[in-house]
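Okay, here we've got a single chain as structure tokens, the form predicted alone, with questions on binding and movement later.
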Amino acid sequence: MRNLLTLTGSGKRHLKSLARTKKQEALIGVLFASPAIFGFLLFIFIPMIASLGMSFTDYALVNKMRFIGLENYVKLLNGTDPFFYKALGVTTYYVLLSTPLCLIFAFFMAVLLNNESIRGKAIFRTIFYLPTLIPVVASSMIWLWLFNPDLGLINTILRVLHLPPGMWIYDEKTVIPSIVLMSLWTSGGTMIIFLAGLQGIPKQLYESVELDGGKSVHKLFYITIPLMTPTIFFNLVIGFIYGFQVFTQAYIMTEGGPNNASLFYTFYLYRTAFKFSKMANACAIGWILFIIIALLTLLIFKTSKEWVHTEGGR
């Protein structure tokens, strides 16, 4: 009986020691994460709350702040500002055009570079990934020269081939497709993610298709694409989010033109805040964008149950 009490006492001490160890580990984890937590609170969360409160005022840098309720949102949604729906339409057009094209291009490049029969795969992977390392401002300047109607490389090649040159970013009809073409050049990051997903597919599945007489098309549609749907889903969400926040191309290359044909939403927000000094209006514009992205992401998550395949099924 005395030995049992001794064991029980030692067991309690052991449990207390484990509890103290877990608390110490939790404290150390919080200490290591505290810079990131502090940075998030200071530079993201608090400014977001401040901008939300400011969106209900008439703050414009030249007057005293006055609470006006939902007036900023009402003016934007009822079309009082003619540039709001213009910017939203331009950005939606860009997103619907660029996101699928970038996904398809990056996916098939990853499939090609995952082929074992291709020599120098590492070199080609590096070449296709390098444009993503170039700052967006620098790449915008490069493409600004490429799209030049008179001295640009693209029109020079077209003239050599006796093909009609284009106006590219200097024409209302072609400015968005031209910027989409530029976005394909920086799809190397998406390609790398697809490549990582492809390398996780068991080779035995492809061998089974070959034993059944299947060809490359059957491997693609019955093995590769179904097993890659989680990766496609991830890149789709990220692509939509980044697409709605495109800014630098309009700021550096087109300044929203010609005739507001490339007036992207974030550039419209920037212009409202820093050119016209309507800070409260800009905050409202930003929060509307936040709601749009949140609802769109929620919609993609809801529909993903029907087409994203996992190891346990859909």
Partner chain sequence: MNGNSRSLEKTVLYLFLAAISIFCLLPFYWLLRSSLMGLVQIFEMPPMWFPAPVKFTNYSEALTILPFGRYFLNTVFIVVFTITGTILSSSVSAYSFARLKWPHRDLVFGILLSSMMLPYAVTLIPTYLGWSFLGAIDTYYPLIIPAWFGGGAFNIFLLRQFYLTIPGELDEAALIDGAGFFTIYSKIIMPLTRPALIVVGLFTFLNCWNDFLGPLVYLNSEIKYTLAIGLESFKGLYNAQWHLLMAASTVVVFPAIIIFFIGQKYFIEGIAMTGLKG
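Positions refer to the first chain, counted from 1. For clarity, a rigid core is taken as the largest C-alpha set superposing within 1.5 Å between two forms. Everything quoted here is computed from the prediction, not taken from an experiment.
Another form, the form predicted together with its partner chain, is not on view; read the next lines as being about it.
Under a 4.5 angstroms non-hydrogen atom cutoff, its partner chain in the predicted complex lacks Ala261 among its neighbouring residues. Taking the partner from elsewhere, Ser51 is found to have a heavy atom lying within 4.5 Å of its partner chain in the predicted complex.
Its partner chain in the predicted complex is approached by Pro135, whose closest heavy atom lies within 4.5 angstroms of it. Shown alone here, Ser208 lies farther than 4.5 Å from its partner chain in the predicted complex, counting heavy atoms only. Judged against its partner chain in the predicted complex with a 4.5 angstroms heavy atom cut-off, the residues Phe124, Leu184 and Gly286 are in contact without exception. The stretch among 75-83, 89-97, 152-160, 171-179 whose residues place heavy atoms within 4.5 Å of its partner chain in the predicted complex is 152-160.
Exactly one listed residue, out of Leu220, Leu227, Met109, Leu103, brings a non-hydrogen atom to within 4.5 Å of its partner chain in the predicted complex: Met109.
Heavy atoms closer than or equal to 4.5 Å to its partner chain in the predicted complex belong, across 227-251, to the residues Phe234, Val237, Ile241, Gln245, Phe247, Thr248, Tyr251, ordered by sequence position. A movement of the C-alpha atom of Ser34 reaching 2 angstroms or beyond is seen between the shown form and the other one when the two forms are aligned on their rigid core.
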